[in-house]
Structure formats: C-alpha cells, structure tokens
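Shown here is one chain on its own, the form predicted on its own, set out as structure tokens.
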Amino acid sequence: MTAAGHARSTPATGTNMPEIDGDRLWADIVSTARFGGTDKGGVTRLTLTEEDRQVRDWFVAECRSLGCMIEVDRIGNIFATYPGEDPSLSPIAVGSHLDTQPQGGRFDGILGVLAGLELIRTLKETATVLRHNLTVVNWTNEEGSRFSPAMMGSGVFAGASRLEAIDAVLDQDGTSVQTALETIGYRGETPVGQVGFAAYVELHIEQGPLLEAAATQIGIVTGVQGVRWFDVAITGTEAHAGSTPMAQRNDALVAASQIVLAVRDIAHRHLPGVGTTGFVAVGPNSRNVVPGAVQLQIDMRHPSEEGLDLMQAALEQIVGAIDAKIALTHIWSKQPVVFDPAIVDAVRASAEALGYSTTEVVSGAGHDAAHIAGICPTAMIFVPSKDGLSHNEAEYSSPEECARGAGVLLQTVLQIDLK
C-alpha cells in the first residue's frame, strides 16, 4: 500500500506512467459480489439469470458514466469502448466474464472485467489518451454451467460456434439461450463478430497452485490446454436390492464406477494431462434399488493435441471393454492454444518494468482468450489463487495481487498502443 492508502502499480524505473488504484478495484470486487452473493462469501451468478442481469446493468452504467460507447451483440457479449485518438485503428480489448459457477467465487472472470473498468477510470482521471480505442468486454456464458458449451459468447464471436445453433441450446429446465437473453434484456442488435480488435489481453486468477507455490507475483500465460468433453449414458436394469442375487445384477453404477476410475488412471498415464468426472446422475437413486441408469460428464485436458488423442483413445478402449450397455458421446472440443509471442513479450516487459517476479505457465483452465487467439493477437496475465482454489466459495486473491495484475494489464495495453 502507498502512503495514501492505495495499492499502486508503481514502475520500478521511476518513469511517469499512470497507476491504477488498487483500493478502488478491490471495492468493486467486494461490491459486485452482492449480485448472487452466498452466505459463505461466494457467488452464484449463473449466466443469463436475474443475478447476471443485475451485474451486467451495473457494469454498463459504470462504463457509460465514464463516457464509454456500449454495444451488445446478438449473443449478449457487452463491449464498452473508451475513445482514443485515432478511431480508424482497431481497438485494444481487455476483459473476461461476469458469470460464475454455482457456489463459485468472487474473483473468477470478473477480475478481468473490473480491471478493464479500472483501466478506463485511470486513463480518464490522468488525462491519458491512447492512440487506439480501449474496449472492455464481458463475454456471455464463459462457465458453461447453465448452458453448454463453455466460452459460448467468445466461441460465437470467433466463429467456433454458429449463433443459430447456440440460440437453440437448452438448460436443464428447457429454457433456450435465445429466450434467456431476451428475458434479461441482453439480446443485442450488433451482429456477432462485427467488432474487431488490434489485440486482446485477459487478466485472470490462476485457478491453480503453481504461482503461490513458487512465491511468484505474476503468471505470464503462454497458452491454454486443449479440452475435450464427453457425455456417458449407461443403461442397466433396476432391481430389488434385497431379492436380486449378485450374479444376476445389471448394475449401471458399477459400470460407471469403472469409468470414473479409468478417467483418473488415463490422466496419470498421460501427464501433464488431467481427467475429471464432474457430474453423475443415478437413477432411480434409491437405497434399496439396483441402479438402472447413470449419466456421467467427463472433462479431459492436455497441452497437446496428440496427448488428447491418446487420452480419448484410451477412454474409448476401456468403455468398449466394459460388459454393459454404454453410449459414449464426444460433445465438445477446444484445441490447445499458443498465445501471440509479441503480446506475451509485452506482458513480460510490463511485469519487469513494475518489478514483479514472473513465471511462464500454460493455463490448465479454458478461457475466452483461447477463442479470441484465433482471430487477433492475444495473451493472458495470471495472479495467484490462495491454495489454488477456484470454482469454490473460498476462492481468494488478495487486494495486492489483484492490484499487481491490473497494473501489469495497464502497462501491457500502453505498450501495445505504442506499436
């Protein structure tokens, strides 16, 4: 903290550069956590819900008060643009997402959006004018917890998904994406993909333990692991738990258990890959009935496409060898991403100018930046997560860590603006 009580991003070189106000950023983090806030200090703000509408309205109002032009596209992505000197140049974009997981944290995603807002405030109060416009983006449905796939808004924006197909996606209650957008008033008029960027930089919490374990202040993210999602439907035979002999049972949950263990073992055999069975639904889910139906949702990740191929092949082989009626469906993929070397270098130079320790990392989590990297120069900045926790109400990054990340984001934008 400075003598004035602000967590500032002061350059080690002593050069006169604008500095973000870390206290103001932290106040926004605390304030926005009320939208969907939980009793345990976390946030449940699923995409396109009333809570999401409330935080979107707050964000739009704050940006408008600073003189930003607001655009909302057909998938509900919000673009808040602060004017620079030359409107003929494509804007530099920063941002992330405002939606959360159920019982999620108050930092995942929203830190990148609020840091972008803090950049605009800093530019305005210091009368700093960029050559490029600066656009802060809120991407729709990054989490994928209500509607699948994840990173939905950025995926449509980057051309990885068709708007018409995404509009028709249903949540568990049968509500479509299109209906949900219209219900909360964020079915925008701007055609998807009409806004173009000179570069995109996303600040995010690490969501893992590496930076904290290394006592490193800033993560320079060089890329994102590839992801493959699978749905599994297992059909057995419901039967009485007391009167059905063990030899005559067709227990769907036993078959499912073999798959759950196989996902874990496959990941161990293909490190640094990871595998997770994150959803299980058992029917009829009664103590004294042999399970007759199970649904699983599997997430596999690896930094290389070859690693993902090997993991998928191993899963298919094991499923095929289990004596049960099993339908394995590959529902979604995202290839591994390597970020733009020039933007990564700008992040590195900015962190060094501010005197912060750094570590290069490949993101284990998926992010909107992974889609945007396919259409413009992109990179990411990580700050540490306490105990590596995320998608958890106990998720935490300190005020100082958030301020450092926002400071590096600002200096990175200033560097990109000069080129």
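Numbers for residues come from their place in the sequence shown, where the first is 1. Because the structure is predicted, anything quoted here is derived from the model rather than measured.
What comes next is about the form predicted together with another copy of the chain, which does not appear here.
Of the candidate stretches 253 to 261, 88 to 96, 120 to 128, 195 to 203, only 253 to 261 contains residues with a heavy atom within 4.5 Å of another copy of the chain in the predicted complex.
Shown here without its partner, the chain carries S31, T49 and D57, none of which come within 4.5 Å of another copy of the chain in the predicted complex through any heavy atom. Residue contact with another copy of the chain in the predicted complex: T276 places a heavy atom within 4.5 Å of it. Although the partner is absent here, A165 is not a contact residue: none of its heavy atoms lies within 4.5 angstroms of another copy of the chain in the predicted complex.
Of the heavy atoms in D231, some are within 4.5 Å of another copy of the chain in the predicted complex. When contacts are judged by a 4.5 Å heavy atom cut-off, G208 counts as touching another copy of the chain in the predicted complex. Scanning V338, A327, I331, A349 against another copy of the chain in the predicted complex with a 4.5 Å heavy atom cut-off leaves one residue, I331. The partner is absent here; in the predicted complex, the one residue of C376, V361, A353, A365 having a heavy atom within 4.5 Å of another copy of the chain is A365.
Taking another copy of the chain as positioned in the predicted complex, the residues of 278 to 302 that bring a heavy atom within 4.5 Å of it are, in sequence order, G278, F279, V280, V282, N285, S286, R287, N288, V289, V290, P291, Q297, I298, D299, R301. Compared with the form shown here, the Cα atoms of E360 and H268 sit 3 Å or more closer together in the predicted complex. Look at R269 and E360: in the predicted complex their Cα atoms come 3 Å or more closer than in this form.
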